[in-house]
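Coming up are structure 1 and structure 2: the same protein chain in two forms, each one given alone as structure tokens.
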Structure 1
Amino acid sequence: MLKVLIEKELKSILQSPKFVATFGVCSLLILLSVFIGINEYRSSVAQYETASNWVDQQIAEATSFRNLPTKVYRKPDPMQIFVSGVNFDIGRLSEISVEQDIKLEQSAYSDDPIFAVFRSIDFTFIVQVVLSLFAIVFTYDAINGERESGTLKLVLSNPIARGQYLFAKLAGSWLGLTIPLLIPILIGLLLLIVYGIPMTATSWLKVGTLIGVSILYFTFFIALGLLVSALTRNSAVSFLLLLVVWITLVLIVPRGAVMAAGQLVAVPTVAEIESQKDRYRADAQGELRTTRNLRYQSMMEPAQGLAESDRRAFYAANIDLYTEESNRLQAEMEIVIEQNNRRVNENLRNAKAEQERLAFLLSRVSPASAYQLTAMNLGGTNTSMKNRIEDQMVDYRATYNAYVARKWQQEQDEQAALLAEQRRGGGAAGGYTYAGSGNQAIDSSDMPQFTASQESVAEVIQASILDFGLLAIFTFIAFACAFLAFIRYDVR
């Protein structure tokens, strides 16, 4: 019996103009989004490669390790094709140097704000906005529309359990939406292979999970449509109600929640953070200056009152010791400053995390945000993307700085040896070499490379499980309520 009902639902949906519209719009949009995504991805890879080659070349041509600053770039991830998230909003690169903190800069949108005017279109957006709207268009008159046309009475004059009937409605609409989703996205995945986008096993798993979550997401809206349709007598009323609910859930709640959290949890501004850091640095530097001066004075104390030539001799004998001491102090200070910076950053992050937690907690009232959050977690383009990449860059910076410092020391030693040899050899012709033109390019083949670590499958699952569960609960509740409402529905 269930089969007959589902078959009829499917037939009725497949023949309806709604389905034709949905199928057409979804196929067009999904394919378009994948196509655009692939192109965006390829051009960001090209950009990434140009940039990193340039950095490599600069390093290869560098003639000294002394304070060799560099840049690292965020490598594009193919998942951005499906979930752009904050990918275009956060910076693409960071400077790596001894003095500066890691800070992602130059977002794609700030480079080319034209793309920010209307924002991007990706698979997630299409599912979140377009498919949910179609789910409502499919189901708003599921029950009351059949009542209006008199078929509900006719159907229920047969020995059909109401639960069965409702389930058939759900299944029919579900298939009617799953087909327009699956066919184009599968073609889209083929496109990925054709274009040779480097997808790892984890990426495939992520895409698969994303499609699963997408289906679960619109199932909620189908169940919601059934619920409202079973609560109202008139299909025009149910559509109006559903549209209001849809606007609220999809467009208002997510934005409202973030803005509310922004008002409720105060996060220090960038200026405040910088002020804290700089004050600390200035204090530490002042202290260092004083200590150094004291050290210098106390070390050079014995030279007081000596004759000019003796003083020079004493100075020459002790200056290395002082320099060493001074460098040690400097290094210690840098460590302390670094620790403070970390602490300040940590505090900022905690405040932001607090804000974010509240924002997402509030916004999860809406399945649309639960869906978007899972999608972004899966795509790795969520709000913690910036922190995650900055953390990796901070680690890299430490390795890099240690490497450069070691190499610089080595270079100095070599130069000193060379100089000594030159002195012994009686000096170069002319006696002048222009500073910095030691034309020998450095050997940087053993330089540590920045590689962003990939998330493991377990992490992927962990990141999406909460919202996945939440969506499942939303859907279940909506369907259960629809069931209760339909059991008591007056079919006349």
Structure 2
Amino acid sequence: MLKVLIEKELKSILQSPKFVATFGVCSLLILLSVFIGINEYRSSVAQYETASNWVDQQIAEATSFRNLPTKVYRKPDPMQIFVSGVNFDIGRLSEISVEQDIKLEQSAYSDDPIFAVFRSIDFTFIVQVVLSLFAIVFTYDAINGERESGTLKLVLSNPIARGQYLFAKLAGSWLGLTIPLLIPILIGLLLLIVYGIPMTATSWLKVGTLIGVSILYFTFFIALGLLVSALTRNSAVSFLLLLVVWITLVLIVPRGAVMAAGQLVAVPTVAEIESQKDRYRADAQGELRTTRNLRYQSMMEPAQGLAESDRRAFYAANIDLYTEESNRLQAEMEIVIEQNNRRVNENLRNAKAEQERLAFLLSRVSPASAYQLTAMNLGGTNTSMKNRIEDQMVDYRATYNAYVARKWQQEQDEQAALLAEQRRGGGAAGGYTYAGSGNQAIDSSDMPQFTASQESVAEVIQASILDFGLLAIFTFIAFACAFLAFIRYDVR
């Protein structure tokens, strides 16, 4: 009997105008979002390769390793095709140097603000907004509409359990939404292969998990529609009530939670953080200048009262030692400034993390938030994306600066050796060329390269297990309440 009821419900849905509209809209939006996402990804890859090649060319043309800065770029990830998340909001590159902190700059939206006005339409948006709304359209009159037409009383006059009837409604509506979703998704995945998008095994697993979570998400709204339909006797009332609930859960709660967290947890602004860093650096540099002046005066004090020629000789004999000590003080100052900047950045990150935890905690009362957070975790475009990439760049910065310092020391040693040889031979140094002399390009073949690591599927699932569990709990509670309401439903 259950199979017959499901087949009847599914046949009714497939023959209805609602299915035609759902299939048409879903197919159009999903295929369009995947196609646009593929083009945006390919464009991002082209920009990344062009910029990286330009940086490599600049380094190859440099003639000295002294304070040699560079830039590293964030490599695009194919998962951004399905889940854009914060991918276009955070920067795409960072300067790598001794003095500057790691900071991602030049986001896609900062370069082209017009695209930030209406944001992007990706697969996550379609599921979160469009499919959830269609789930309500499919089920708002599932119970009370049958009562209004007299069909419900006729069906239940037969030996059919109400639980079976309700489950058949759920299964039929679920299949009626899943079919429109899966067909364009499979075509979209085929487009990835046709366009040669470099999807790894990990990426395919993430996409599969995303599809599963998406199905669970709109299953909740199907169960919610059955619940409201079983609580009301008029289909118009149930539709209006479901629309209000949908607006609250999908549009209001996530944004309201972020606004509330912003008011409850204070986070320093970017201007305040930069001001703290600049002020600390200025104070440190002032102290260094004072120390250098005192050391210089102390060095030249024994030469007071000597003849000018003797003073110059004394200066020439001691300047190398003074320069060495001055460079040591400069290096120590940079280390202290770096430690201070890390403390400031860590304090800022902790404040943001606290604000973020509160915002997500409040927003998780909405299944839409739980789904969005899970999708962004799977896509690697969650709010921790910026910190994760910047942390990897910080590690690379330490490696790169150590490499440059070592190469610069080799240049100095080579220069000193050539000058010593020139003095012994009584010739001019102008005939010599060496890396760092301004006459010969540096050899950067062994320079360390930046490679950002991606999160594994296990790490992503571990980070998403709470939200996935909440979606399952919300769906179970909604269907259980719908069952209890339908058991007591008056079919007259």
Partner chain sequence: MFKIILDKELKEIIGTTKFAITFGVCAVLILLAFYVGARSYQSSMEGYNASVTENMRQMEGVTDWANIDHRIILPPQPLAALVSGVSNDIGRTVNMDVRGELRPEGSRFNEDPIFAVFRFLDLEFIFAIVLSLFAILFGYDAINGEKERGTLALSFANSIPRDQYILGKIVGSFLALIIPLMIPILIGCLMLPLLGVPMNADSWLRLGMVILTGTLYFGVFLTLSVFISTLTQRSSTSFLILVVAWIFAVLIIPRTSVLAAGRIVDVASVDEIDFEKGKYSAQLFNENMAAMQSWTQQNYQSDHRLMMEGMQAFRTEQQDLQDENMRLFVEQLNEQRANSSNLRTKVAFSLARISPTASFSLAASDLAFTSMELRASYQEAASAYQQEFAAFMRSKNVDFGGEAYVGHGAPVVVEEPEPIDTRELPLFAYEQPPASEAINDSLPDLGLLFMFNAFFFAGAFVRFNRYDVR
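All residue numbers here refer to structure 1's sequence, counted from 1. Just so we're on the same page, rigid core means the largest C-alpha set that superposes within 1.5 Å between forms. All values derive from a computational prediction rather than experimental measurement.
The form predicted in complex with the partner chain is structure 1, not structure 2. Among Lys75, Tyr315, Val267, Tyr396, the residue lying at the hinge where one rigid part turns against the other between structures 1 and 2 is Val267.
Domain rotation between structures 1 and 2, with the chain taken as two rigid parts and C-alpha atoms superposed, amounts to 7 degrees for the smaller part. Note on Gln304: its Cα is shifted 4.3 Å between structures 1 and 2, core used for superposition. For Leu329, the Cα shift between structures 1 and 2 is 2.7 Å when the rigid core is held fixed in the overlay.
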